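The chain below stands alone and is given in structure tokens; this is the form predicted alone.
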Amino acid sequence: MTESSKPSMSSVRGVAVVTGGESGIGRATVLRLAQAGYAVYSGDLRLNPSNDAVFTGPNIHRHACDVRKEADVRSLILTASAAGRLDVLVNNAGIGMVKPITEVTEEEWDRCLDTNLKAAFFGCKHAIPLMQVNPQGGAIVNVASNAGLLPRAHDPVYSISKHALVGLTKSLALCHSVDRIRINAVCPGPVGDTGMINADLAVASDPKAMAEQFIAASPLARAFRRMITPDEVAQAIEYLVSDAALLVTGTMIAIDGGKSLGVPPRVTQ
């Protein structure tokens, strides 16, 4: 993007950065924030050509970004703030890991923790100083998981990474309330049409049965007979960065159909 093509601050509501913006929750968030009037800078490991037709207009700017590398995250944030400000950061990029801890290699541990936790640290580290000089402060939303609200036996390392992300959210929300920076998290699951869910279904011997298992694990998903959609999560993110949530910080919104509440009711035939 050339200097002349950078958005004018008088023509946009604010500037937002979204990581993992090429698919799933990130993609839905990019579209929602752009429609709301933000200049959105989306970063992802790979740019998906199938998004070329929908990521159009002057408010969406796409960049290759490996969130495990501090230089990449810093570059994305500085590019976004070059127009004069930064208002919103959505730390969405993440990966799953379904494996008992006794089988997890050091490389796999690092990849999961670096993507799900260290990337959010990088984002907050470089976004907060820019928000501190913004008279309106700013809003950060971390995309955690219901696995960050309660332990899960089948994916302990993933659950560890999301528990830590919840802790980071609460700690930084407290630290930076004096700066008018609101830091919250959404804790979704099961969300259909995301990279993690689609990857699991792609290798399943019976994808339909696996999808039904995901749905059955969430009381409301089971009641409505469908998974949560990425856009439903994006709507919650849009709320958290809006003026309607001006005094909301350190909050975890579970968008999981009640999955994290406890043992669900028994279904009678």
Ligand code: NAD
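The first residue of the shown sequence is 1; numbering continues from there. Predicted, not measured: the structure shown is a model, and the values here were computed from it.
The same protein also exists as the form predicted in complex with ligand NAD; that form is not shown, yet it is the one meant from here on.
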property: Contact residue in the model of the complex, from N184, S81, T115, S159 (heavy atom within 4.5 Å of ligand NAD); result: T115
property: Residue (of L149, I128, A173, I197) lying close to ligand NAD in the model of the complex, criterion heavy atoms within 4.5 Å; result: I197
property: L201, heavy atom within 4.5 angstroms of ligand NAD in the model of the complex; result: no
property: A93: touches ligand NAD in the model of the complex, heavy atom cutoff 4.5 angstroms; result: yes
property: Contact label in the model of the complex: L45 to ligand NAD, heavy atom within 4.5 Å; result: yes
property: Contact test in the model of the complex: G138 vs ligand NAD, heavy atoms, 4.5 Å; result: no
property: Listed range touching ligand NAD, judged in the model of the complex by heavy atoms within 4.5 Å, from 85 to 93, 99 to 107, 128 to 136, 176 to 184; result: 85 to 93
property: Within 4.5 Å of ligand NAD in the model of the complex: residues from 57 to 81 (heavy atom criterion); result: C65, D66, V67, R68
